[in-house]
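Just so you know, structure 1 and structure 2 below are the same protein chain in two forms, each on its own as structure tokens.
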Structure 1
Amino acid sequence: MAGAFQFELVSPERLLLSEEATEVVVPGAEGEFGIMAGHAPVMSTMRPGVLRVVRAAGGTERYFIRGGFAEAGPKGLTVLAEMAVPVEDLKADEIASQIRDAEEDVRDAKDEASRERAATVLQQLRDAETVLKTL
């Protein structure tokens, strides 16, 4: 059995999860990646998506996360997410309203650069929605 490591999921409002995990799959900005014990130090931003945690005590948990970054270091893995909700608690219309907001952002964008950024966010949210539907 693979070794366990300390995993922390933190949102600005509170510490959501702090426990031993054997594997965590993070939706990185440049693709999903899995972290296991003894991973090389990595720091990555994240796109909206599903974070999967395999707990050392057994069982898997899924969180929908948005915005933030993951930091894997010698002490373990820390994920700082602006929003993190267990997938079971996530309502479909919540994502839908976020997508609507993002669409507005794209429309209201004043210059090219900010429109591009808003469009990326929108695309990421749409991706996340399709992923959630398949779960």
Structure 2
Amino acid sequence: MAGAFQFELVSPERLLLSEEATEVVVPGAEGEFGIMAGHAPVMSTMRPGVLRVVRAAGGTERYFIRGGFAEAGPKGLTVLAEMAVPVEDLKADEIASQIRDAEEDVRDAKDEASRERAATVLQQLRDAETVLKTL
């Protein structure tokens, strides 16, 4: 069995996961990369994609990641995600409906700040839709 290391997945809203893992596959900006115990220190930006966590206790979890940073070091791996959602929570019909609503929000925005917030949400939803199609 591969050695375990501490893994934490953090989003702006909350700590999503903090536990021992044997492997984490990260959707890095330059491509996917895997982290295992004893990995050399590395820091990377992330692109939208699926983060896969192989838990030391058994089982695998997958999260849709909007972007952010990953840092591996002597204490383990920390992923600071712009947005993170368990893959099983992504539903194609719900995302399609939310995209239509977000497109309307962009069109109806009363000022530039509102338009930018709505556009950010719209892009996140489109990224989730793209990832869901690849699963």
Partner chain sequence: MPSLKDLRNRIASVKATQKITKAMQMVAAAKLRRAQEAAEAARPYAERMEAVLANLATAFEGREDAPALLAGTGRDDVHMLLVATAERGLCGGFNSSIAKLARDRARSLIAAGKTVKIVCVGKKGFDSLKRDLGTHIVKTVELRHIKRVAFHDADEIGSMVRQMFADGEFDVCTVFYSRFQSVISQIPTAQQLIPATFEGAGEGGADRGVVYEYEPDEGEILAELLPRNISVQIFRSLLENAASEQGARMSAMDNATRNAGEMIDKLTLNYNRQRQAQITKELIEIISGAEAL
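Because the structure is a prediction, the values reported are computed rather than measured. For clarity, a rigid core is taken as the largest C-alpha set superposing within 1.5 Å between two forms. One-based numbering along structure 1's sequence throughout.
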Check your understanding: Is the form predicted on its own structure 1 or structure 2?
Key -> 2
**Study point:** Swing of the smaller rigid portion against the larger one between the two structures, to the nearest whole degree
**Key:** 40
Review point. Once you lay the two forms on top of each other by their rigid core, how far has the C-alpha of A128 moved between the two structures, in Å?
Key: 6.5
Review point. What Cα shift, in Å, does R117 show between the two structures once the core is superposed?
Key: 16.6
